[in-house]
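Encoded as structure tokens, the following chain is the form predicted on its own, with no partner shown.
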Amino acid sequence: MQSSTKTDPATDKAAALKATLEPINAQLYSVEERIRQQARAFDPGVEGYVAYAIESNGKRLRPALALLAGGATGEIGPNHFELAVVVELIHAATLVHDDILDGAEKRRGQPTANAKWGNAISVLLGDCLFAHALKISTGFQNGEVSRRIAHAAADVCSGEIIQTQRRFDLKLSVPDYYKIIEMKTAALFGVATELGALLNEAPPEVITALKTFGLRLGSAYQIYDDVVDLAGDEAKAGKTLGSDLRKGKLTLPILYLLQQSDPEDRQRISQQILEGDDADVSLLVQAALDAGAVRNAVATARKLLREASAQIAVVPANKYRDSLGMLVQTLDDMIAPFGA
């Protein structure tokens, strides 16, 4: 730790996010309690596994978006709490499966489910979380809500399959990358904001705008995560930098590096990607920084954030809409330093 007179950037980010979500902090607490209560819906032999998987999955951004979209378009009612729980359970399921695919041993400083109990139980645990989320979603009176949740869940799973299928695929294009992240990450952001508005029977143009807001925000968030993997601080990231590269995941900075390299350099970079040893990964990380590929990825994420911000212009002004705008600004503040 540095001297106590210095401010920890991670603490700054957490404080900024908390301030952004201040209008719904009480509701988020209720959602947190509801999420934890879901473990009790399972057989006692399964309950402990589920409780561990959903205990704390980070910032709860997706539930926050569902609540903010509800507040921005009317009242935050019981259905919004249910929606918040559903999207978070789907997210938790994807994290369990991601950790299996990546062979991850820790997530946010805690052992992953697969590290504790092995892959077999963890696969089934992720399946249970998905199934339970979809079961809850059948309780909405408007059948369109459960249909859209199911579509989003299918998109998330399909995106993960395509990303896994295309590891170490040097033919992956930037449009391919956008498609993958929109499916595997942005789909849940988009359905949270879309359905937050739909549950309040908001005008169609507002529902569409909030869905687009969520999709753009989610894509920008994934690019931010990809940038941190290359240019972040290992201690704060909680993992070795370049871990995506080691697993053959070609993220936007690396795709930009390949795109802007001459044929000879591209051949060398491609070989380094395929070999993927620690020395090669370190060289690739440095090359992406030196060539401005990371900076270009940051610029792309910030453009997506501007597009997200523009969408909420059609939403009536209130404190919840303001929080959606502040959320965009908070993410922009988080990613902007990597583009310096």
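All values reported here derive from a predicted model rather than from experimental measurement. When you see a residue number, it is the position in the sequence shown, counting from 1.
Beyond what is shown, the protein has a form predicted in complex with another copy of the chain; the following relates to that form.
In the predicted bound form, at least one heavy atom of residue 164 sits within 4.5 Å of a heavy atom of another copy of the chain. Put simply, residue 45 is close to another copy of the chain in the predicted bound form: some heavy atom of it is within 4.5 Å. Interface residue remark: residue 116 is not counted as part of the site for another copy of the chain in the predicted bound form, having no heavy atom within 4.5 Å. Not displayed here, another copy of the chain is kept clear of residue 228 by more than 4.5 Å at the level of heavy atoms in the predicted bound form. Using a 4.5 Å heavy atom cutoff, none of 17, 28 and 53 lies near another copy of the chain in the predicted bound form. Of the stretches 116-124, 259-267, 169-177, 219-227, only 116-124 has residues with a heavy atom within 4.5 Å of another copy of the chain in the predicted bound form. Residue 146 is the only one of 185, 79, 251, 146 with a heavy atom lying within 4.5 Å of another copy of the chain in the predicted bound form. Contacts of stretch 146-163 with another copy of the chain in the predicted bound form, defined by any heavy atom lying within 4.5 Å, are made by 146, 147, 150, 151, 153, 154, 157, 158, 160, 161, 162, listed in sequence order.
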